[in-house]
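Each of two forms of one protein chain follows alone as C-alpha cells, named structure 1 and structure 2.
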Structure 1
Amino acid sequence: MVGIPGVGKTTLLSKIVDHLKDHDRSVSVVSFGTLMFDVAKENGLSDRDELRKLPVSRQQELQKMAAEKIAEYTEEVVIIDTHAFISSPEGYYPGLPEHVLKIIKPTNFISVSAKPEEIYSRRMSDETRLRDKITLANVKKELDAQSGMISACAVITGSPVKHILNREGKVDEAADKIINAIGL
C-alpha cells in the first residue's frame, strides 16, 4: 500500500487490520521505512527523516535489507506500508524498485490518494514529522509521480493495482474498497 504523506494511509491500515482480525485472518503491517531506519540506526543514523537524504546507493542497500526481512514474514496477509517514491536530492527515487519487487513478490498494489487540498491541510497540521515545505502544486506533482511509479510496479510484477481515493470523512468507504479489491 503506497501513499504520499497526508493521504490517510495509517488510518486506513488500522481499519483494514481490524477487519482482518475480526475475520480471524493473521495479518502483519510492515512499515518499509521503519525497517530501513532500524537498519540505518545500527549504522549511526539518528533521524528517520534523514533516510531520504542518503545517497541513492545507500538507500538501495537499506531497501534490500528491509525487503529480505519482509520476505520472511509468514502471516496470511502481509501489508507493506510504504511510499511509491522517495524525494531525494537526485530526484524521485522509486520506493519499490525492481530489485525490491523481486524479493517481496507482491500480489496486489493499493495506491491511496486524496484531494490535493486535503493532503496539504493534513501535512500542515502534522507536527510529528519534520516535513519539507510544500505547495499545492508540489502535492499534485507527488500524486502524479506516485501514480506513474505504482503503475510501473504493476507492469513489472504482473500484479493488479487499485487506486483508492480516501476522501475526508469517508475512511470506512475507502477501507471497504481496499478489502474488496484484494479479496479479503
Structure 2
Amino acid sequence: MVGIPGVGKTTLLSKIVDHLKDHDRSVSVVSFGTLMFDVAKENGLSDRDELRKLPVSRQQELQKMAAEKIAEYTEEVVIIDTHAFISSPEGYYPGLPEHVLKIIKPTNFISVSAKPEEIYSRRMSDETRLRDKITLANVKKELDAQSGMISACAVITGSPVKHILNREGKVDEAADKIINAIGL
C-alpha cells in the first residue's frame, strides 16, 4: 500500500486492520520505513538523518535486508505500509524498486491518492512539516510520479494495482473498496 504524505493512509490502514480483526483474520501491518530503520540500527546507525545521508548503494543494502525480513512474515495477510517513492534531496527515491519487489513478491498493490487540494491543506496543518516547501504544483507532480512508479511496479511483478481516491469524510468507503479489491 503506497500513498504520498497527506493522502490519509494511516487512518485508512487502521480501518482495514479493524475490519480484518473483526473477521478473525491473521494480519500484520509492516511499515517499510520503520523496519528499514530498525535494520539500520542493528547495523550501527543511531538516527534517521544518518540513514538518509548514506550512499545510495548502502541504502539499497538496508532496503534489501528489510525486504528479506518482510518475506519471512507468515500471517495470512501482510500489509506493507510504504511509499511509491520518498521525496529526498536527491529527488524521488523509489520505495519499491525492482530488487525489493523480487524479494517481497507482492500479490496486490494499493495506490492511495486524494484531491491535491485536500493533500495540500493536510500538509499545511501538519506542524512537523516545513510549510514553505509545500505547493499545490508539487503535490500534483508527486501524484503523477506515484502513478508512474506504481505502474512500473505492476508491470515488473505482474500484480494488479488498485487506485483508491481517499475522499475527505469518506474514509470508510475507501476502506471498503480496498477490502473488496484484495478479496478479504
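The model shown is predicted, which means the values in this text are computed figures rather than measured ones. Take the two forms, find the largest set of C-alpha atoms that superpose within 1.5 Å, and that set is the rigid core. Structure 1 provides the reference sequence; residues are numbered from 1 along it.
Engineer: Have a look at both and say which one is the form predicted on its own.
Structural biologist: The form predicted on its own is the one given as structure 1; the other form is structure 2.
Engineer: Ser88: after superposing the rigid core, is there a C-alpha shift of 2 Å or more between structures 1 and 2?
Structural biologist: Shift at Ser88: 2 Å or more after core fit.
Engineer: Is Ala40 one of the residues whose C-alpha moves 2 Å or more between structures 1 and 2 after the core fit?
Structural biologist: Yes: Ala40 shifts by at least 2 Å between structures 1 and 2.
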